[in-house]
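First, one chain by itself: the form predicted on its own, in structure tokens.
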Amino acid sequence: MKHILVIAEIFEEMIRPVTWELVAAARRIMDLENSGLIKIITLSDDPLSLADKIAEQTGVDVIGLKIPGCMGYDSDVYKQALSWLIKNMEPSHILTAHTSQGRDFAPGLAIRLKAASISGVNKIKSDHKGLIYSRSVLSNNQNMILRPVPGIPVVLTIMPGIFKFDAHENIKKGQMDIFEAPFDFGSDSSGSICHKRIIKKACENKVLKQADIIVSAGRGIGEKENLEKIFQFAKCFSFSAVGASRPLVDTGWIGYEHQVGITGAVVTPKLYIACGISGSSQHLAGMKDTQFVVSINSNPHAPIFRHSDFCIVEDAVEFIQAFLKCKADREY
């Protein structure tokens, strides 16, 4: 029976929640193919406690790969160690998260395993010929349907926030196997790149996570000066905060503490107002559990509209200006 392998996402010796979503995606594949055996792989200098927790929470068998000297994520380490472990397992699928970590090592791992590679998978289906995968293209406005070459393994990076993990009560704990990689990745022998330490940027996104209403800005606001209107708009609501898409943070328009998405804050407000945000999968994953979503965008085909309760097809800045003027007139 072919293995469906899940690479657990570990950061600072903690299991990231996207790992459970990968297990849900693996179960989806197993159900569609009506075959397969899921196993989860976790890498660490000391993987025992991580493997134990994963086995307990998922009921899936776990392989803990002990890598002496591996104190944090390293692309070269992951590719070498995983290819060494996986090459004799003959898996049908290897799943990792479409995060900065997964996107980094997945293509290189696929090359080493002589496997197919599909990134950013947002849907898994099947037809009479077998499994097919969907991924977003053209600025998330369209989906591309892909079918890998049969008979070879496929490495998939799965979009966070797509597959929901259902925890079962009274689940039987999975079995654990601990292996040690036959190489040392200590700081003096890890090759051209080695992990030293993680330096975190000082920021605070508690305001975002505690807000009842979030007004978020995207590239559709046009220019940095229009952020002032976003802040004015947010002040019209009680218990509100200002959020932003990653492009605005990357360009330096606004601080990282405002970023909503996979690499920013994951928020669950009562109301989320997206202003000029197209709706990338990474951003949607950060606000997917919002109770009510209002989107303002001049593009009627913006992907964000497919995930909104109320859609306003209008230039976001012009709409906000009209809203603020109307509010000022009423107060006057």
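Note that this is a predicted model, so its numbers are computed, not measured. The term rigid core refers to the maximal set of C-alpha atoms that superpose within 1.5 Å between the two forms. The first residue of the shown sequence is 1; numbering continues from there.
Below, we turn to the form predicted in complex with a small molecule, even though it does not appear here.
Across the options 173-181, 147-155, 238-246, 109-117, residues that bring heavy atoms within 4.5 Å of the small molecule in the predicted complex belong to 238-246.
Residue-level contacts in the predicted complex: of Thr58, Gln282, Thr290, Thr42, one residue has a heavy atom within 4.5 Å of the small molecule, and it is Gln282. Checked against the small molecule in the predicted complex, the residues Ala81, Ile162, Ala97, Ile262 give one hit for a heavy atom within 4.5 Å, which is Ile262. Taken together, the three residues Gly220, Ser298 and Ala302 all come within 4.5 Å of the small molecule in the predicted complex, as judged by their closest heavy atom. In the predicted complex, the small molecule lies farther than 4.5 Å from every heavy atom of Ile320. For the chain shown alone, Glu314 is a contact residue for the small molecule in the predicted complex, at least one non-hydrogen atom being within 4.5 angstroms. The closest heavy atom approach of Ile54 to the small molecule in the predicted complex falls outside 4.5 Å. Using a 4.5 angstroms threshold between heavy atoms, Lys206 stays clear of the small molecule in the predicted complex. Superposition on the rigid core between this form and the one not shown places the CA atom of Ile277 2 Å or more away from its counterpart. Residue displacement note: Ile15 has its CA displaced by under 2 Å between this form and the one not shown (rigid core superposed). When two forms of a protein are overlaid on their rigid core, residues whose CA moves 2 Å or more are considered shifted, and Ser44 is not one of them between this form and the one not shown.
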